[in-house]
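Just one chain is shown here, as structure tokens, and it is the form predicted alone.
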Amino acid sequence: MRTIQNLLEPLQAKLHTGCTDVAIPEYAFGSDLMSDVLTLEDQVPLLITGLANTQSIRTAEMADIEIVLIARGKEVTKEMIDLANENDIVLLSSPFSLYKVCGILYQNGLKALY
């Protein structure tokens, strides 16, 4: 089983909350517009975004998103970490652009939601 641990190195990602043995989901969705995320009819297991504030975590909570990956080297705040912990959301960050993160995830078997 592939886990989050398998993505840390290629993404040069930092794990802020959760554990590395969480299975990598089959699908992901990337957006900086949380309103777009909330309009999706399908469940999004992994959200990739450059929006580094509590709005992204609250959106994940409302949309039952299990994993949030913050791109572009944005700072992950203590408030984001605390909120992710409260909602059992795995929170990662990567220094790479949203485009590059999506490409790396695609190379590692994740599919676009649509």
Partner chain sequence: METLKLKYSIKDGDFSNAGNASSNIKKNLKMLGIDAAVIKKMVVSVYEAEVNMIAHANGGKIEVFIDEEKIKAILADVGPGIPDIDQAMKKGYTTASEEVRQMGFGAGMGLPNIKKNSDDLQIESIVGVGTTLTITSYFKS
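Residue numbers count along the first chain shown, from 1. Here the structure is a predicted model, which means the values were calculated and not measured.
The form predicted together with its partner chain exists for this protein as well; it is not shown, and the discussion that follows is about that form.
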| item | value |
| --- | --- |
| Non-hydrogen atom within 4.5 Å of its partner chain in the predicted complex for each of T77, S93 and L98 | no |
| Its partner chain contact in the predicted complex: E66, any heavy atom under 4.5 Å | no |
| Touches its partner chain in the predicted complex: Q55 (any heavy atom, 4.5 Å) | yes |
| Contact of Q43 with its partner chain in the predicted complex (heavy atom, 4.5 Å) | yes |
| Proximity of D82 to its partner chain in the predicted complex, heavy atoms at 4.5 Å | no |
| Residues within 4.5 Å of its partner chain in the predicted complex, restricted to 19 to 42 and counted by heavy atom | D32, L33, M34, S35, D36, L38, T39, L40, E41, D42 |
